[in-house]
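Listed next as structure tokens is one chain, alone, in the form predicted alone.
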């Protein structure tokens, strides 16, 4: 088995690390120098080489070249943990406790019961860290210095969360549903990673306790044997290795809700709000903002004048649906419509492509922007916030025409 600390020289999906300059391709992505210097390709057991942002806890980013497929393969899916003590869970011994003062009863489920006793449901949904693209913030902000790949798209299968809650009986006083996972802190004083969502969001038919990812059991690094799926919302709520679901009659008191993962109130337009956790000045991060990414071209790539070029990429949002993707070849002065690909559902990546034929030699900047069904679009300038959340600046690639 490959050592999780072993840095590999690879040639997979167009990615090559060789000698001292092998990371140059990622350096051109626009991250601060420190973030680029800290990144290496590293293979966790069961994973293809990913960009290592930290080892304890493991935080590994999917290279952009891996994101060209609408569904992100399990072995190329990014890895994000907050706590370093991550147990290897025995599926036969795993149990999920459900109850709380907001429930009329309680129960304990095995994995077999979860699969047998509840109707299976599927949803294709983007799982994206709230801090995706944090490393591109200017000025620099602290935290995991993610580039573009702290995200992935998968077909999730599991039991509906609302069906599980119905089994214990949800009281009308229940305001939030809280989740805890099997991972624990290494150091005394580190807060356990516990999250909650509003009850109305937990009752959405697309919220799942998932045990399959792209037709296979969840990988260890992505939450085996079961995790919470909250389509449209950032991955901070998608509890991995979930071991308890608790219905609450009062808002959760947790560092990871009350202090972390918050943004200035009114800074971003959001339809889904977490009202019970709002303060006078801040609000929890909830739904993902509309965004897009060019996946098949890289900075500095060369083409001949008169050569047809096809740019390909993905677009996504918080579940309202991508309405259009546009590209610009003149620094945003004019925009042209790209062709949208197959629609796998409103929570999924939406593929797109844009064909053009450059005629003039010299540098050429290609930009992409997406808009959703609500009319929300990406921004040309960073909406700065201290945690580095919701970066949806137009993606820009510089190519050379010779």
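This is a predicted model, so every value here is computed, not measured. Residue numbers count along the first chain shown, from 1.
The form predicted together with a small molecule is left out here; the points below concern that form.
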Report yes if any heavy atom of residue 111 sits within 4.5 Å of a heavy atom of the small molecule in the predicted bound form; otherwise report no.
-> no
Residue 288 near the small molecule in the predicted bound form, any heavy atom under 4.5 Å?
-> no
How about residue 316: is it within 4.5 Å of the small molecule in the predicted bound form, going by heavy atoms?
-> no
Mark residue 328 yes when one of its heavy atoms lies within 4.5 Å of a heavy atom of the small molecule in the predicted bound form, and no otherwise.
-> no
Name the stretch, out of 280-288, 237-245, 96-104, 136-144, where some heavy atom lies within 4.5 Å of the small molecule in the predicted bound form.
-> 237-245
Looking at the small molecule in the predicted bound form, is some heavy atom of each of 78, 222 and 261 within 4.5 Å of it?
-> yes
Option touching the small molecule, based on a heavy atom within 4.5 Å in the predicted bound form, out of 161, 294, 127, 197 | 127
Only hit among 268, 118, 193, 211 for heavy atom within 4.5 Å of the small molecule in the predicted bound form is 193
